[in-house]
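Single chain ahead, by itself, as structure tokens, in the form predicted alone.
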């Protein structure tokens, strides 16, 4: 469920605390997030936007003959994570050198280190979110990031729009103070990005406010792995929403194995060699390998639970669950889950 816009409060701006580690730590401990105006260089992000959207235009996502910076989606084209046609273009975008380097800016590293009070680095897996207009059934549902990225509860998500992002374009909203639950709540199947969501009754019971804002380029929202959040739907007529969605961790914390690989690497034959092949600098290539990070196995229990629920729902003809299973089959028909999905759909 997406709360109505009348239920959304304004985010608290924390620029006054920059350079004040104790103040930053106190506020994120209380609110479960920190929001900054113009924390990142707008000029750098504008150039990154130009590069990313030009690649998307070449891939057929941005309307031909328009300025890529405007982000006007090609009519009739809609896809999302999990669709092979999404991965094909996404991995072209993923090769962008500036996209990866932006996570290492001095301002970002200093800010996240002040928040944690420890030496903090960007995780190897950088993430871009590329969201089509009027594709609201697939909007990222309410969840906690730990189920997807794991490692420790102290890991920080840093979300920033690559371009201005008013509410109607679908920025993030956070449930203020929700990190204080201190644990991962039950997550269930969802068609939305990530395929996992928290039930409404579970977050309503907390009685906490949802907060968001009309984001501008350079703005940055930072929160730990237990803070509940969601994407608002992109209800614009024709604009594609582009954002950075990166994670940071202390160097002496463990990292989940899948976070040492490129995003959506499991969707195609794509690795770091393909990511780096056109770069003109080696400065940020494989930068994490000499840091002695403790790599731990991925916990598949969250994803497996969501898949099991999708199977049960699909047996009863649940439209979204059927669509989800069909997408898994389309990704790779020979996996164990795909074979199980084929058996279920064959019975409908």
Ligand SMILES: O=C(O)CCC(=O)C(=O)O
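Residue numbers count along the first chain shown, from 1. Please read these numbers as outputs of a predicted model, since none were measured by experiment.
What follows is about the form predicted together with the named molecule, which we do not show.
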Whether residue 145 contacts the named molecule in the predicted complex should be assessed with a 4.5 Å heavy atom distance threshold; does it? yes
Could you confirm whether residue 100 comes within 4.5 Å of the named molecule in the predicted complex, counting heavy atoms only? no
Examine residue 129 and determine whether its closest non-hydrogen atom to the named molecule in the predicted complex is within 4.5 angstroms. yes
Taking 4.5 angstroms as the cut-off for heavy atoms, does residue 172 touch the named molecule in the predicted complex? yes
258, 307 and 324 each touching the named molecule in the predicted complex (heavy atom, 4.5 Å): no
Okay, which stretch from 90-98, 182-190, 108-116, 242-250 lines the named molecule in the predicted complex, with non-hydrogen atoms inside 4.5 Å? 242-250
With the named molecule left out of view, which of 149, 86, 135, 276 would have a heavy atom within 4.5 Å of it in the predicted complex? 149
Note which of 198, 231, 221, 165 lies within 4.5 Å of the named molecule in the predicted complex, where distance is taken over heavy atoms; exactly one does. 231
Sequence-ordered residues of 198-227 touching the named molecule in the predicted complex, heavy atom within 4.5 Å: none
